[in-house]
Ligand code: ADE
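Starting off, we have a lone chain in the form predicted on its own, written out as structure tokens.
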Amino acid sequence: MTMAPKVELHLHLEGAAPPAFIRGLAQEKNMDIAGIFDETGGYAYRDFWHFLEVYEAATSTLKRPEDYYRLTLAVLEESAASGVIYSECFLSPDFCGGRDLSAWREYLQAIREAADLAEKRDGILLRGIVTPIRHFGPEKARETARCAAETAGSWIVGFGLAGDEKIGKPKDFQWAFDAAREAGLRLTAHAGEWGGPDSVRDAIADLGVERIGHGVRAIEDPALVDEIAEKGIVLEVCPGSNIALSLYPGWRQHPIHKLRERGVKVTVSTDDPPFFHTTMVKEYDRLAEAFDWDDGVFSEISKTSAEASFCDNATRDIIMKKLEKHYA
């Protein structure tokens, strides 16, 4: 599936940083973060909560807009090599200027300049989803929402919620989501990964999202699966991430196939690919192997992803034409 054009809707920009890139930045800045790598040079963590700590330690090397420029180029080069033609990535003003609006604008400018270069170089399109960090709390999420609202437009197209699902409730973040909605941003939220089915139900009811990041534990509640299918809520499924974090023991046990069979709109993404030793090619190959998915299924999933993307119609038309040309 290497050459198939792919659409990725769930990618954390910092979480997609190649380990060698982060090591190089740390050396340039004389920072000692050796403890976050294993003997092969990859990221090392014990479980999801330790993963969050390692993620934040890696992100601590990204201190300037210039660092994010280089990061964006490195990430998009990896994505394009997997055939990704359009990607939406989660960006946190928490990490980009400490939620200060003028600093956030500088970081965003650097990211966009890198995205423009990658588009010219590799033909890959990138758009941003501003994401507060759940375990940083609702007050900081309000500041993040203000940054999002002030920079909403054709490039910052969505607003989400990431971080530790076990901290707080979706309704704690209603103000931030209302502000983002009023600014014209489309909405998604991480749920149904570490929180059970109720976390998905609450995100839909309290935040009014049209997409759910992960959402796979909805499978534990048949009535919720029906509701998601009926409402056309799209799940940003990251199978390799779920398996790497031991949410499921293997690919055949992952619920993406059952969810799809029940009429749920599923998409495929990598989440934080180097952390989970995955790429979009690997995701496609493992799914084909586990569930006998063929070109017809991947064509449908790619088109579902394009239709669910938060970009404007003109951009979506470009993506759709590329998909139709390949799958014709």
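Counting begins at 1, following the sequence as shown. Note that the structure is a prediction, hence the values are computed from the model and not measured.
The form predicted together with the ligand is left out here; the points below concern that form.
Checking 47-55, 24-32, 278-286, 296-304 against the ligand in the predicted complex, the stretch whose residues place heavy atoms within 4.5 Å of it is 47-55.
Interface membership of residue 163, defined by any non-hydrogen atom within 4.5 Å of the ligand in the predicted complex, is confirmed. Contact annotation for residue 151: none of its heavy atoms lies within 4.5 Å of the ligand in the predicted complex. Remark: residue 190 counts among the residues lining the ligand in the predicted complex, judged by a heavy atom distance of 4.5 Å or less. Contact check for residue 199: no non-hydrogen atom falls within 4.5 Å of the ligand in the predicted complex. Contact residues in stretch 8-22 (any heavy atom within 4.5 Å of the ligand, taken in the predicted complex) are limited to 12.
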